[in-house]
Structures are given as structure tokens and as C-alpha cells.
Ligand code: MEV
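One chain comes next, on its own, written as C-alpha cells: the form predicted on its own.
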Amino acid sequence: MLTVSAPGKLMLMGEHAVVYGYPCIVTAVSERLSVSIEETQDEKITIDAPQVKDTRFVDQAIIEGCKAWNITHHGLRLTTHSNFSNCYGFGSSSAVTVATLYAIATLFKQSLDTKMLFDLAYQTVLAIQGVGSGFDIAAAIYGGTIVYTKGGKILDQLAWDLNNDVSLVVGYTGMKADTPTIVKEIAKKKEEQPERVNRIFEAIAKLVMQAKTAGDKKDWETVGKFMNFNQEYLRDLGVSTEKLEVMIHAANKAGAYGAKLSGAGGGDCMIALTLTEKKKIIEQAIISVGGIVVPVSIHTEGVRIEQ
């Protein structure tokens, strides 16, 4: 029995624009999804994945991996384990895809570099979803905090430490978002209003790179300001919701450096950057308006063998 795990992710800045080739900042979170795999002799592929809402990602990863490495087998049994809910939009589909491919390669002693793993995982996710930029796949593979552009290009691996002097508070709205649908809705808006949407994307991209520079200098107050500006553009795109806005406002009013939605929008999570000494105050502010605080740490290790 071999077990491989991969982390979930949080988008810090650059949502939606990343789908069109603009940069984003994404970080790996402490919540991990594990895949245990073993070869059997029953000529069946058995998947037990209670934490994954859609086992098609596991099925497709097996198909892509066996095809890429010309693997033949007499049966496989895969079981997933996870300490986070797929409700949170932490990228469980990408994490299970990456972990499955890595597990198959390891079980059958195939050579695998990060570029090949990314390409196979990205191909798998696109085969199921049809849309996506791959930032969640990159976070699952590389871990840490990265500046990323579509197609697997890593512009920079950041040395940010958001777990000491400053903290990131994650608040869940209680509403699961439909990411592929929201991405398609933005695509429609871009087709109907190309100049307006492209202008928003270009502004978001500029904020991403400005936030990178500020974060490298540990100027977290400025990073928070750029997060707030990013949220304004996401609101203009129409992907924020009343619940997200209420939670974001509560966090900022309580003294956060900045707050914004994280991910596709339409529900899921918001994040707030704050001095660690104010973390409990920010958490309570989010809870007071009906949000659910999700305890996670960020900038964690990428895909790895557990046993």
C-alpha cells in the first residue's frame, strides 16, 4: 500500500484574470488530500473516495497516467483520505488528481518530473471541467506560495511568511460555488464587453505584481491595500456576493490590513490579512456576521509520499 498526499490551495490575488494569461498569487494550505493505492488481481479498478465529490477526476487520472507510462495492471484499489471538506473551494479535485498521478507513477516505478506531472494533471482536469487555468494544480505540486500564469509557468516562488507576524484568516460563507459555471459566465462577459473586462484584468494583474513587491519587503499593510483594490475589481466583474461583502466589510472594520474573496466567487471563501495579534478579533468579526472561520495555515509543502 502506497500513500501520497497533496495540499489544497487558496488564491491570494488574481482570480479570473489568471484564466486569460495574467499572473496570480496562490498558496498551498495545510489541509491535504491523500490517495492510497495498491495493485490487485481482480481485473477491477475500485475507488473509495468519500471526500471527493466527483470521482471522475480519479478515473481520468488513472487513464491519463496509464496511457502516459504505458502501464498495464490486473486491477487497482484507490482510497482517498482528507482533513478538509470539498465545500470550501480549496481545490480538492486538483489535489486528488495530482496525488493520484504521483501515486501511479511511484507504484509502477515511473520517472516523473514536475513539468510532466503538471501537464498530465492539467490535461486530466480540462478533460473533466473543460475550463481552468491550472493554478490549483501548481499549488498542489509545488507547494509554498507562487506567482503563476496559465499553462504551468511559475514566475516566482515567494519566500513570504504569513504565519508569524501576520496571519491570513479564512472565512467560509456557507455557500458552495460552482467554479466552472462562474468562469464561463466571465467568459461571456468578456465576449460581450471585451474592452471593459480586459481593462479590469490588466488592473488586477498590475495589483498582483505590486503586491508581490510589497510582500517581498514585508510591507503587509500595502499588500492588504492591494487586496482591497483587487476585491473592488472582482465586485465589478460581478463575482462577489452579499454574504462575501458583509464578511469582508466586517474583517476590514475590525482592523484587517485587507480582505477579499478567494477563488471564483459566488460563495465559498474570503480571506483577510491581519497582524497576528489581531487574528482573534478578525475571526470574531467574521463569525459575528454569520461567517464560518476555517482554521488553516498556508505556504505548506507540495505533493509528497506519506508511506
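Everything numeric here is computed off the predicted structure, so don't read it as measured data. For every residue, the number given is its place in the sequence shown, counted from 1.
If you look for the form predicted in complex with (R)-mevalonate, you will not find it shown, but the lines that follow are about it.
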Identify, from the list Phe226, Tyr142, Tyr88, Phe135, the residue with a heavy atom within 4.5 Å of (R)-mevalonate in the model of the complex. Phe135
Just to be sure I understand the contacts: of Ile200, Ala177, Val183, Val147, which is the one whose heavy atoms reach within 4.5 angstroms of (R)-mevalonate in the model of the complex? Val183
For the chain seen here without its partner, which of 28-36, 260-268, 64-72, 42-50 has a heavy atom within 4.5 Å of (R)-mevalonate in the model of the complex? 260-268
Ile286: heavy atom within 4.5 Å of (R)-mevalonate in the model of the complex? no
Within 4.5 Å, heavy atoms only: does Met11 come near (R)-mevalonate in the model of the complex? yes
Residue-level contact is defined here as any heavy atom of the residue lying within 4.5 Å of (R)-mevalonate in the model of the complex; does Val294 satisfy this criterion? no
So in the model of the complex, does any heavy atom of Ile298 sit within 4.5 Å of (R)-mevalonate? no
Taking heavy atoms and a 4.5 Å limit, what residues of 4-27 are near (R)-mevalonate in the model of the complex? Lys9, Met11, Glu15, His16, Val18, Val19
